[in-house]
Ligand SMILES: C[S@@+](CC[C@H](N)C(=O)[O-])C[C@H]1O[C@@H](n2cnc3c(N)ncnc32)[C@H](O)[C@@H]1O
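A single chain, nothing else alongside it, follows as structure tokens in the form predicted on its own.
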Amino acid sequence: MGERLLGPADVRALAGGLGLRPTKTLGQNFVIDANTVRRIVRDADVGPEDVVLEVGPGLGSLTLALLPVASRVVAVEVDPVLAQRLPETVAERAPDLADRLNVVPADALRVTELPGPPPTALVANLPYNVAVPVVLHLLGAFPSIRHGLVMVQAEVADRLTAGPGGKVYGVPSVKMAWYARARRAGNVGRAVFWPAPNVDSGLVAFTRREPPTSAVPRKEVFAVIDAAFAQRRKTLRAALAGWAGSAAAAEEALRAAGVDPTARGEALDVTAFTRIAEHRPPSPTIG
């Protein structure tokens, strides 16, 4: 596998051939270290039964490491130039694996369907600016995704894996917990990227879990979560006043859910937020 992977010179040569200047707008920081992509694939626990969804494959560093171990890789790339070049790179460096690759030129935040068998794993070096919405959208859109590993900004990795009670615990933490059990799987230094980012990166590994049993749809639970953390210094009684219709109605819903109205959102786990959503007061009838 080693000879197929991209090193620093390969990445720069590919970029130069495309006249490509990595942009911050698209979060383009390309991995130039083969050991890092080997580590990602190993820690993602991808096997021959997996259909891997990769977001932002860029020049193909991670793609080339995934193809030998997965049954298929579906790569979603928003940059049309990169999307067009990726199959050529794979054909040049791993021609025997080229038929395992599907490239979808699209914005991952808008993707709701993919070609071929449904994905079972999400493995990606995600653009920092859209990492959280991409992960949450894909876990919601593709229930077939059972596990995965993503590389994100270190601060984002902390948020996605935080438990109740900490300062970094917030909306990403709770919504991630709805879908999966997530954990920090290590740190990644800046030197493995070109261009080098101004922040460190972290790996987040996750395994799909059954969401809390709920009598209301997921979107209603997520609405409570959003409201609770919109002004995180406020008590839940105050923070959920708009959601419930009044502070008094919020207190009634909280007490019915077995939650202290003077608590703050950071103290609750996803199950507690689900209970609150189930006790939302009915909207007043106008007429």
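In this text, residue numbers run from 1 along the sequence as written. Every value quoted in this text rests on a predicted model; they were computed, and no experiment measured them.
Keep in mind that the form predicted together with the ligand is missing from the display, and what follows is about it.
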Looking in the model of the complex, is the ligand within 4.5 Å of a heavy atom from each of 55, 76 and 106? yes
Would you mind picking the one in 185, 82, 177, 121 that has a heavy atom within 4.5 Å of the ligand in the model of the complex? 82
Residue (of 205, 126, 86, 162) lying close to the ligand in the model of the complex, criterion heavy atoms within 4.5 Å: 126
Candidate stretches 90 to 98, 153 to 161, 208 to 216, 107 to 115 - the one whose heavy atoms come within 4.5 Å of the ligand in the model of the complex: 107 to 115
May I ask you to check whether residue 30 falls inside a 4.5 Å heavy atom distance of the ligand in the model of the complex? yes
